[in-house]
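Only one chain is shown below, in structure tokens, and it's the form predicted alone.
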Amino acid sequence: MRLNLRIWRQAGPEDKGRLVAYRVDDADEDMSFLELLDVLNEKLVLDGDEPVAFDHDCREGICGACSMVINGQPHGPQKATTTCQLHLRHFRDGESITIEPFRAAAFPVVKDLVVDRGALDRIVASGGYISAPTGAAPEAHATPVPKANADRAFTAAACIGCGACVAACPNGSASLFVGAKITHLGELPQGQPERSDRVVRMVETHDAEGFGGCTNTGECTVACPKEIPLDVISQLNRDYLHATTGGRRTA
């Protein structure tokens, strides 16, 4: 299988980047997309060239590190799939593929396809946790949680913080990410004591980090590899409105 690649190369944050053409003649349709880059990098190293820098860790669709834009789509054309779980069978023999880093003001390019997504970590550090002492693990039935709330919390908790939502958003907003964290904790009894302070701190950090505002285009949830639903942003907005106006919160 032969593939023509156009890959963004950028030596560092202050350098000017450009798309560079490469060709891989010995790709296999059962390879993952990251394995394709491994094959290319092995060839580049043997030829004495600089390998392409890209992020990866688990290669199991769990960590969210494999962030890149493939033919204009964060993580590529396959729905609900991270880059590391995208396989070459979804491309045609001889196809041309353009590979770029995530584009967002809050995600500065470090090198080639690697971007600094530390802004997401700082949003979580500002309030995406429960600090109230809970003691030892309670008996499973000691704190009843309605199934609907538990299911919604689990759905929101599936967010892996990859940043695809930001890359897909025309405004560079991380509202889907923040909404997922807010909804995850807000649906559980343990998350209630800090619920108002949490949303204010996280939204303030989101804005301070340079993310844009949400205008409900919905591109974020389309690009999300974990299919986080768009309505977590509604939950985010409701919680923020309640926290900042003293209004009545609705679940």
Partner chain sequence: MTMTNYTDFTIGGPVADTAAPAGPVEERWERRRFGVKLVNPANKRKMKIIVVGTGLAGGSAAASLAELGYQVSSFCYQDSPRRAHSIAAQGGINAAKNYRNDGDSVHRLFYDTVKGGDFRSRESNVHRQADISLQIIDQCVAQGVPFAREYGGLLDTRSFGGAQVSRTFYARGQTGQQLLLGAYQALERQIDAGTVTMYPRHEMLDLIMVDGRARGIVARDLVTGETRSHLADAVVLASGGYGNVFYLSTNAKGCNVTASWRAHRRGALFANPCYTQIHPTCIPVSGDHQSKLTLMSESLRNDGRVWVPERAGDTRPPSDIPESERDYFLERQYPAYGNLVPRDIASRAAKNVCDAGRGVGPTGLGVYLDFAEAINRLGRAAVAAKYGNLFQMYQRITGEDPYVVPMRIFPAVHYTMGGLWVDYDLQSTIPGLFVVGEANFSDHGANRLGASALMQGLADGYFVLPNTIGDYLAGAKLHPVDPGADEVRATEHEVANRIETLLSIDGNRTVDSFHRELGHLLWDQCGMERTDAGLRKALDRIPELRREFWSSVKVPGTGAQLNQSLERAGRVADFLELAELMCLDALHRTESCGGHFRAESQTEDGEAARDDEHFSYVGAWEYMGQGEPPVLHKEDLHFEYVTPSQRSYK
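It should be emphasised that the depicted structure is a prediction, and the values quoted were computed from it without experimental measurement. Positions refer to the first chain, counted from 1.
Omitted from view is the form predicted together with its partner chain, to which the following refers.
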| property | result |
| --- | --- |
| Contact flag, G186 vs its partner chain in the model of the complex, heavy atom cut 4.5 Å | no |
| Proximity of C224 to its partner chain in the model of the complex, heavy atoms at 4.5 Å | no |
| 4.5 Å heavy atom contact, R89 to its partner chain in the model of the complex | yes |
| Heavy atom of R195 within 4.5 Å of its partner chain in the model of the complex | no |
| Residues from 60 to 89 in contact with its partner chain (non-hydrogen atom within 4.5 Å) in the model of the complex | E60, I62, C63, G64, A65, Q78, A80, T81, Q85, H87, R89 |
